[in-house]
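Only one chain is included here, represented as structure tokens and corresponding to the form predicted alone.
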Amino acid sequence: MAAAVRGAEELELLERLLGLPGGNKYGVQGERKVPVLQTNNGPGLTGLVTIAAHLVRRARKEQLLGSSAEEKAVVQQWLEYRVTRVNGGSSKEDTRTVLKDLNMHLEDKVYLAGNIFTLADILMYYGLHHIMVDLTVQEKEKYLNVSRWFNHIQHYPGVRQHLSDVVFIKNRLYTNAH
């Protein structure tokens, strides 16, 4: 089973993707290992989404948080889903539910927020990577929309970095024709 990208590592990947200089001090707190960013001026920031949004603003790439009020709300919705359902789920059933939800949502969309690449796509990709690596070819075919989206995101410039490339078979090796 592939190791999950969590907390500090995920935020370091995001820093590199955003072109920010590294060197932030990350820690974790509590049983669920919630990420914490130690800041030079004032109290630390707590929580994956809070820190990620802070990094996006520091990089002056606010478009990753959505442009319109509706886009911003959709991005926030998927960021919350990532933290509560993807991070919160641990059973095979939880994983199937997440993949099913995403597969339905992505049926007519390129990205989670519609037609724009956002922070939600980045963090969902990092959160799902360890799951997608372990899926069989048949499972990837079952969640075709998730597979299409995931493959697109992993090839988005700067996103994948050192994470393993998840292979998707594009051509069926068999047919039902006789």
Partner chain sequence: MRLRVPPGAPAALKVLAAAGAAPEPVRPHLGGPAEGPRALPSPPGLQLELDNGTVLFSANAICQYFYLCRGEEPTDLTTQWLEWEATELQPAVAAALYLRLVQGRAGPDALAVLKHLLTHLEQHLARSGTSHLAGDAVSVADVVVWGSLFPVLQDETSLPSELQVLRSWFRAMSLWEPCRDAAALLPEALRELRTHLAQHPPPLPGPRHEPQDEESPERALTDDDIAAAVDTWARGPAALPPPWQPQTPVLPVEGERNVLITSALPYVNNVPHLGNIIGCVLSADTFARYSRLRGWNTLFVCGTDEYGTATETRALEEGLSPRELCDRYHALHADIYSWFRISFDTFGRTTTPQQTRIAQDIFQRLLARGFLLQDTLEQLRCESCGRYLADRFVEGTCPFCNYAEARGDQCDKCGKLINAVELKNPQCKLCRGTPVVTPTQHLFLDLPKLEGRLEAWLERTWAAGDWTPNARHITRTWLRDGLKPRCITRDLTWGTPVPLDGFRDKVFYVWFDAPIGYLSITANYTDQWERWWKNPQQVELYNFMAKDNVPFHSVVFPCSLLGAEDNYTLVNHLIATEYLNYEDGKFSKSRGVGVFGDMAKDTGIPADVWRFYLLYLRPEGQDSAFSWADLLLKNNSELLNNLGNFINRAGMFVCKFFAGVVPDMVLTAEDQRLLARVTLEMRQYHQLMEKVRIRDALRCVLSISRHGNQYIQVNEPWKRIKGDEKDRQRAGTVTGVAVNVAAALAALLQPFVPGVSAAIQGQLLIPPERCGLGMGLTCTLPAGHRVGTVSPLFQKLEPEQVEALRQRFAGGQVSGTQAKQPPPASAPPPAPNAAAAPGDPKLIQELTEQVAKQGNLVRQLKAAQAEKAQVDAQVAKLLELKQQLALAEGRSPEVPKGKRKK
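Note that the structure is predicted; figures quoted are calculated from it, not measured. Numbering follows the first chain given and starts at 1.
One more form of this protein should be noted, the form predicted in complex with its partner chain, which is absent from this view; the next part is about it.
- Ile116 falls outside the set of residues with a heavy atom inside 4.5 Å of its partner chain in the predicted complex.
- In the predicted complex, Val86 stays away from its partner chain, with no heavy atom inside 4.5 Å.
- With a 4.5 Å cutoff on heavy atoms, Arg60 does not count as touching its partner chain in the predicted complex; it lies far away.
- When its partner chain is considered in the predicted complex, Gly47 lines it closely, a heavy atom lying within 4.5 Å.
- Contacts with its partner chain in the predicted complex, taken as any heavy atom within 4.5 Å, map within 55-78 to Arg57, Ala69, Glu70, Lys72, Ala73, Val74, Gln76, Gln77, Trp78.
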